[in-house]
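For reference, the chain that follows is the form predicted alone, supplied as structure tokens.
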């Protein structure tokens, strides 16, 4: 049976226009029951409705509450620091090949937590333009409001991960990959293989045998929203194996792709998030030099099989 996340079913927008698609509540409940997920069906059954459709205002408020909790989760997992530890060497490698405008675009940015943190600390350098894109216009509006309130130099836009309007020197994402089926992963990576793109860094849940249990414990302890608790565990169950992610990048022309510290080389009790890193071949040597001893964590091949 497919593993479904409630958040993927209750909020649908046109990728091009941002126009919301009305969601029939009973359709979502039926879909979740067909997938054998009675708990998720009960969560949706309790959600407010306007006639046969889910109440869009209630759904929007729910998304904001869940993503606020996800920001706290990201803070506890030190995701900004993890990104910065890789992005700083990546950008150093890019700069070594000549000056020029640099732009980091966060795909599926949610409330823009990472982009706002980079803007607040300037850890990536003052010469880096920071942009977040998300297909959910409610999250884009809230990220924009927060950045304006915090007087940060960054911006947020509605965008489609498979038809990116915003060029970038480096694309990044956090917890986005597992939302896509295996058949769509190659298209996601290919959308970033643009002439002006020099690298990408995409963090997602490490697909370990312990991941669902760890997600249950962590989300049970730290998340208040039932939807967040449910989807957090579902996300861990849907996480792609290391070999699947590398295979999805196999057809990328002109890009060297690595996993950074994949499962084979990491303590499974400590592994929670790990990134797929792609760089232009001319930058690979410089990236290794910029990473120093940590470059040993860049791995091109991983074993296949259960739990990988």
Partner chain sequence: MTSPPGAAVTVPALLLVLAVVDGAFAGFRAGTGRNARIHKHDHDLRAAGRGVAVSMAGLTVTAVMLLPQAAQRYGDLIEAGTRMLMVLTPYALIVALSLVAYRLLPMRQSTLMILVGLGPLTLVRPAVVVTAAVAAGFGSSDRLVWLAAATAAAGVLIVEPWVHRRWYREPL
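Since this is a predicted model, take the numbers as computed values, not measurements. Residue numbers count along the first chain shown, from 1.
We do not show the form predicted together with the partner chain, though everything after this point is about it.
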Quiz item: Quick one: of 116, 202, 238, 230, which gets a non-hydrogen atom within 4.5 angstroms of the partner chain in the model of the complex?
Solution: 116
Exercise. Answer with one of 78, 97, 194, 153: the residue that has a non-hydrogen atom within 4.5 Å of the partner chain in the model of the complex.
Key: 78
Exercise. Assess the spot marked by 222, 225 and 261: is the partner chain within 4.5 Å of a heavy atom from every one of these residues in the model of the complex?
Key: yes
Quiz item: Among 97-105, 78-86, 175-183, 124-132, which stretch has residues whose heavy atoms lie within 4.5 Å of the partner chain in the model of the complex?
Solution: 78-86
Self-check item: is_contact(residue 65, the partner chain) in the model of the complex, heavy atom dist at most 4.5 Å
Solution: yes
Quiz item: Is residue 217 close enough to the partner chain in the model of the complex to count, meaning some heavy atom within 4.5 Å?
Solution: yes
Self-check item: Residue contact check: residue 146 to the partner chain in the model of the complex, 4.5 Å heavy atom
Solution: yes
Exercise. Would you please decide whether residue 141 lies within 4.5 angstroms of the partner chain in the model of the complex, comparing each non-hydrogen atom pair?
Key: no
